[in-house]
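We begin with a single chain expressed as structure tokens, specifically the form predicted alone.
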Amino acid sequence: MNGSPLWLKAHALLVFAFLYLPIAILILYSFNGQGVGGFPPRDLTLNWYRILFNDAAIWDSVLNSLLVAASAMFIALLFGIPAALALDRANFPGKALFRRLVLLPLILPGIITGLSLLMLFRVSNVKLSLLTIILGHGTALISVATTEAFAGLQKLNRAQEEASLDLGATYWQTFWRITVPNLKLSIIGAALLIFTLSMDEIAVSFFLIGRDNTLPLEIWGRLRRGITPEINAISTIIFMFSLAAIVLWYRLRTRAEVTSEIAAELVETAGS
């Protein structure tokens, strides 16, 4: 950036301010003793966090969201990884169409996905509950798992798999001992992304909700009565959780890249 024009630096600062200044204000007002009104914030306090931690409805919705996100992550990976393997390793009629249809949930608006799943559950006489939300999130996010795993498979060196098969291992053994460890970074990245998207999902959840609220719907319901300091507090906690997930992903990726570089150097040394 030292040799960059001044206007380019100013533009970068404006972009960062546009993206992150609202988040900074939200975090600051979660400590504001005057609630959501008054500027500048004064009488900084942790009182809103104390009120939040005593709010049973919020924490019930948090537990519901964690359950939904973890279950949706499992469903999406369970179906998404085999779909990625089929796209990468198999040739079958309609493969090009299948590849495009897998991406369709990423393109469709959430309202369409939610409405179509609602109609399916109504026709099937399935009662709306957390289970229907789990199925809805898992269905909508299979495409994320597929695309992430497929991208990892594209970078995978097939020589290790071929060597494993040549040494007598079965395809199943090769998959668990060679393919999955090499896809670990892609799988973890997909899992974190699916979990985060599920925690944030509101459109699909709105159509499939039963008696139990998820966190986004609980927040949305309260916002209809106005912004409250507790909403700022729970939003701050969500932001910190998301930031921790990003840092974890970055550290894992950096460690994997360093390991790959060391392995490549060892292979070159052994070859010479």
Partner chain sequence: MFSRAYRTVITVPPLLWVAIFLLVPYALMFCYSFWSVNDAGTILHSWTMTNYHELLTKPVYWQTLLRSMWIAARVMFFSMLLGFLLAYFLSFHAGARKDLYYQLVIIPLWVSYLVRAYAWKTILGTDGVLNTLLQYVHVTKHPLDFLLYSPFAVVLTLTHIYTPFTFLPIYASLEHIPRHLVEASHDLGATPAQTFWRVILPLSIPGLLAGATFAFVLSLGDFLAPLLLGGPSGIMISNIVVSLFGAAYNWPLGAAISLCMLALVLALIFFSERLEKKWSFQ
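What you see is a predicted model; the values in this text were computed from it and never measured. Residue numbers count along the first chain shown, from 1. C-alpha atoms forming the largest set that superposes within 1.5 Å between two forms make up the rigid core.
Another form exists, predicted in complex with the partner chain; not displayed. Remarks below refer to it.
Proximity of Ile231 to the partner chain in the predicted bound form: non-hydrogen atoms within 4.5 Å are present. Although the partner is absent from this view, Pro105 contacts the partner chain in the predicted bound form, with a non-hydrogen atom inside 4.5 angstroms. Using a 4.5 angstroms limit between non-hydrogen atoms, Phe207 touches the partner chain in the predicted bound form.
Though the partner is left out of this view, Pro82 does reach within 4.5 Å of the partner chain in the predicted bound form, counting heavy atoms only. The single contact residue among Val180, Ile111, Ile188, Ala151, judged by any heavy atom lying within 4.5 Å of the partner chain in the predicted bound form, is Ile111. Using a 4.5 Å cut-off on any heavy atom, the residues of 122 to 136 that reach the partner chain in the predicted bound form are, in sequence order, Arg122, Val123, Leu135.
With the core held fixed, Ile23 shows a CA shift below 2 Å between this form and the one not shown.
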